[in-house]
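Just the one chain here, laid out as structure tokens, in the form predicted alone.
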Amino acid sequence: MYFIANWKMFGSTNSINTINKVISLTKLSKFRNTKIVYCPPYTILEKFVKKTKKTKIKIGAQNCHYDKNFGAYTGSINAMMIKQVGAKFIILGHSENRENGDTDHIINLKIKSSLNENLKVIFCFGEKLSERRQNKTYEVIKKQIKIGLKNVKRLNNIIFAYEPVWSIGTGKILKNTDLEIQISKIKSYIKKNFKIKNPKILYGGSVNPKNIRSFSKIKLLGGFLIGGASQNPKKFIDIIKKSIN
């Protein structure tokens, strides 16, 4: 199971010590196969890499520029620079970045440049509430995946993350039966169209210690992309423990 901690725009150099208890958790035999990835802001990426160097925890970035080379892009960071500080993963296609201008085509370029640097990509997609109400959920997701993965190689280095946009940070969640149907459709579509034998699909959207037991009953899920709750070590550990038990 994957547990991806997306810290978004949260954290300072002092935040590094909040992961001590999570590091201790990974040393227990019961959790040795649990894959934990912290994705803090760029400013503390390198500190997190150094802190977790001798642990099972991996570090990822939250986004990057699509250009694989250095360039005149003020304020931007590309996949090569992220790799150089020791990060192994990257979140791409998150709805918050889509809202700020990341098109499916731009995400496609970012995926290619990140895979070129041997980063594992956490590829996010999901529908807005208006699209859900129009019964366009599956149609929207297929389009996002189709364009996002156009001419992409090394598909086995991609982890898929379904995040209904209307659920992120709102506390609103899908019923288990609906989510299971959605994940099954997504998995079948990826298998059929991209020849991936067993795509790893995560769920994200208001995941917290209170609802995690319900989510963890869905056997098709390969883990969770966790936002606000991952910033609190107690809540994050609670989520991991309740998923594995």
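Don't overthink the numbering: it's just position in the shown sequence, from 1. None of these values were measured; they are calculated from a predicted model.
Separately, the form predicted together with a small molecule exists; it is not shown, and the next lines address it.
Inset, instruction - Would you kindly say which of 34, 206, 52, 216 lies with a heavy atom within 4.5 Å of the small molecule in the model of the complex? - result: Looking at 34, 206, 52, 216 one by one, just 206 meets the 4.5 Å heavy-atom criterion.
Inset, instruction - Identify which of 174, 168, 141, 80 has a heavy atom within 4.5 Å of the small molecule in the model of the complex; exactly one of them does. - result: Going through each option in turn, the one that passes is 168.
Legend entry - Exercise: residue 127 in contact with the small molecule in the model of the complex, heavy atom 4.5 Å: No.
Legend entry - Contact of residue 227 with the small molecule in the model of the complex (heavy atom, 4.5 Å): Residue 227: contacts the small molecule in the model of the complex.
Legend entry - Contact test in the model of the complex: residue 94 vs the small molecule, heavy atoms, 4.5 Å: Yes, contact at 4.5 Å.
Legend entry - Contact segment among 160-168, 108-116, 68-76, 141-149, judged by heavy atoms lying within 4.5 Å of the small molecule in the model of the complex: In the other structure, the partner sits against 160-168.
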